[in-house]
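Taking the form predicted alone, here's one chain by itself in structure tokens.
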């Protein structure tokens, strides 16, 4: 009887010490058209051979949470396996008339606006499940916006490790220094997800940040 109890006890102890760690959840957040899905597609295609979602020039193409399980990246003999979660773009205001300016019919524009609003609520809720967040910003646009303040405020409140990505550095108006000045508390890496520029810097940065999880 004593031997059985001892075996049961040691089995539980070993399971605690040697239990395989679950894959971490990495969320992609940012304003619409910053390049979240483009970056997610780049990563998934690089490491899984499949893309995760559709990309469009029209804002709020991604209106629902989409994810890819067990994405594993490797760089300089280091690796990280994670669940990649691409979220709808965060916005402080969504007006269906803005979609109509892009040649959408009224009914379609209203539907898109409604779905986009629901997507934002869903994105914020999912923050509670994130182990690490990548904030993707368009490096050619002003980073001092109400949307970015809202995103960062939610992340600070939850104390989630963050990597800021200054995307679209291939554009003439891109200014990484302005992004760095806006978010001095976070590491900033400049990339072009569309052209695959500086992706190794991105992989190195996210592997470094994952150590904090």
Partner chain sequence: MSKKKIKGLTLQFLPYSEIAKLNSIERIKKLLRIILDHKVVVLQGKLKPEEETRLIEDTMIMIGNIKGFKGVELEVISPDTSDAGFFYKMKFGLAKALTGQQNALTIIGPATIVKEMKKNPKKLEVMMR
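Positions refer to the first chain, counted from 1. Just so you know, these numbers come straight off a predicted model, no measurement behind them.
Form predicted in complex with the partner chain: not shown, discussed below.
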{"query": "Residue 93, heavy atom within 4.5 angstroms of the partner chain in the predicted complex", "finding": "yes"}
{"query": "Partner proximity in the predicted complex: residue 140 to the partner chain, non-hydrogen atom cutoff 4.5 Å", "finding": "no"}
{"query": "Residue 125, heavy atom within 4.5 angstroms of the partner chain in the predicted complex", "finding": "yes"}
{"query": "Contact test in the predicted complex: residue 145 vs the partner chain, heavy atoms, 4.5 Å", "finding": "yes"}
{"query": "Location of the partner chain contact in the predicted complex, chosen stretch of 146 to 154, 49 to 57, 165 to 173, 63 to 71 [non-hydrogen atom, 4.5 Å]", "finding": "146 to 154"}
{"query": "Heavy atom within 4.5 Å of the partner chain in the predicted complex - residue from 132, 80, 120, 109", "finding": "120"}
